[in-house]
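Next come structure tokens for two forms of one protein chain, structure 1 first, structure 2 second.
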Structure 1
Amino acid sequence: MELYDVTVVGGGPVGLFGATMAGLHGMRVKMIESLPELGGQLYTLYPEKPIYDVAGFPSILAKDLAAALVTQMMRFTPTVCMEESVLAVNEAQGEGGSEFILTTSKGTHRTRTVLIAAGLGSFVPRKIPALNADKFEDKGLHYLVPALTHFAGRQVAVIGGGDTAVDWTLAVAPYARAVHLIHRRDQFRAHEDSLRQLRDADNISVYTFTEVKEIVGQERVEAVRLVDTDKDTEVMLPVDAVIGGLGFVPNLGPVKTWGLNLKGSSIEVSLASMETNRQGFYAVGDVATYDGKVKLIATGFGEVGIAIARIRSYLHPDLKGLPHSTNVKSLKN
């Protein structure tokens, strides 16, 4: 069984970039992903969602960013294991020193270090707490959004007040006849530029201090009954589709048994190294937490740079200096 320098657990955007950076600096890299496709939430949950906060891209669809990250990673030919979940991690002593044995749903793997980039872990969408919501799932009520052309010419209600709900509203608006963003407060957890776009759009209506009491229809969604919690009034809003943008409930699964210090559903790491309380174990992206943590893809990319520099020093303590984005390998003809 081949021994790898680093095994990346998780094939989302941050994990893909982690494998790229490790490969760039000459490490033997393996990636283990539980889903049948690489890209994590970008590909699985919102492939059609525009991403605005990745450097170098004024706007890029989530699926296109995922594809670009996969292409970037595959230049370094890592070993990629799909539809395989890591169940347990044990330390062992090999010929070259300490190593880890990863037991998965399909077998075992040897690695000198582990880089956890599991995002939110497994996740299920937060359900809309409205009457009949369960009746209309996939019958006009969407938690995982289909191709945006599906909403062409329709009246759409989006529920929520975070980045996901606001971004979906902006993404659907060019296709839909009208989009109604419904939020139970008057404060939105979204980028200021996104809020500006909401205000400037001709076919977007924003309802604040408003909750969905009931989803109404025969075979499919036909309307939502709204409650204005500030005025204590109700109104029936005709719509053809409802998008739930309330976020997702995370579950780390077996990671909880790996002996790592946890804070809620996140792994505590040192900001200086991204290392966990277990030597040789590192975590980056949404799964990692420290004082001042901001959950952005861009933040995860920066954490990868820190982690790979420390992993390189851990594997080769004799090497001086930190790695750069160009090395001798990249200068070969």
Structure 2
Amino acid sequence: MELYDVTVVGGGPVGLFGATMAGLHGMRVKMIESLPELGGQLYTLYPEKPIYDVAGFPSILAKDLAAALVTQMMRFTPTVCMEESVLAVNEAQGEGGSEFILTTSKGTHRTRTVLIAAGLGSFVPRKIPALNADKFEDKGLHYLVPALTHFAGRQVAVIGGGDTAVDWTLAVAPYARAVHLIHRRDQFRAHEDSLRQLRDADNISVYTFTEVKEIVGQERVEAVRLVDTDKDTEVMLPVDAVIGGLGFVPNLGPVKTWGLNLKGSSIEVSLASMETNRQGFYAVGDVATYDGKVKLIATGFGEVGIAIARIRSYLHPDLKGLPHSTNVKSLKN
């Protein structure tokens, strides 16, 4: 079994960039991702979301950013293992010194260091507490938003009052005939500019103090039964699609058992090195935490620079820091 210099756990944007930087600096890299596609939470949940705060891109769709990061990484021909979850890590003594054996859902892997970029871990959408909700999953009820064109000309109900629900309402509105945003309170936890866009849109109706009691239909969603909890009245609203926008429950799962210092669902690291309490283990992106942490793709990219510099020094104690990419001899155009 081949020994890798660094194994990246998680193929989200930060893990992808981690594998690129490690490859660029001459390390033998393996990536292990539990989902069938690379790109992480944003790509999986909402591939058509425009992102405005990645340096160098005035606006880029999540799916295009993921594709560009994969192309960038593949220049360095890492070994990529898909649909494989890292479950356990154990230390071992190899011929060249200490190493780690990663046990996954499919087998074992040898590595000298581990770069954890597991994000929120596995993320499970919060289900809508309405009658018949399970029956209509993927039959008109969506928790992950498919291509927005799917909603062309349709009547869509979006459930929730946070960023997820408001973002999806605004994204679907240009395609749909009408969008009904349904929220059980009258306060929204969303950006002020998004709320202004909600008010300005012609085809968006907002229902406050309203709960979805039942999803109704034969084979597919045909309507939702709404209860106005303020007035204690009920109405049947005909819709073709329902989007559950109640957010996601993060679950770090197996990562919690790896002997790392945790703060909630995040791994504590030193900002100076991105190293965890376990030697040879580094964490970056949403899964890593320290005082003042901001969970953004841009932050994760910066953390990768620090982590890869430290991993390089760990593997080759005579080497310090990171040279600029223009000084990396192995790099071809």
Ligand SMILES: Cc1cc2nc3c(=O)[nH]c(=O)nc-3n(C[C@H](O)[C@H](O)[C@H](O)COP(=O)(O)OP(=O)(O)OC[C@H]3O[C@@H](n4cnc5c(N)ncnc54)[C@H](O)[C@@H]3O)c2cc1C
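Not measured: the values here are computed from a predicted model. What we label the rigid core is the largest C-alpha set whose atoms superpose within 1.5 Å from one form to the other. Residue 1 is the first residue of structure 1, and the numbers go on in sequence order from there.
Specify the structure that is the form predicted in complex with the ligand; exactly one of the two qualifies.
Structure 2, which is the form predicted in complex with the ligand, differs in this respect from structure 1.
Return yes or no for Pro250: a CA shift of at least 2 Å between the two structures, with the rigid core superposed?
No; that C-alpha moves by less than 2 Å between the two structures.
Val89: CA shift of at least 2 Å between the two structures after core fit?
Comparing the forms between the two structures, which are aligned on their rigid core, Val89 does not shift its C-alpha by 2 Å or more.
For Ser205, is the C-alpha shift between the two structures 2 Å or more after core superposition?
Yes, the C-alpha position differs by at least 2 Å between the two structures.
What is the C-alpha shift for Tyr175 between the two structures, rigid core superposed, to one decimal in Å?
A shift of 3.6 Å at the C-alpha.
Relative to the superposed core, report the C-alpha shift of Leu195 between the two structures in angstrom.
Its alpha carbon moves by 7.2 Å.
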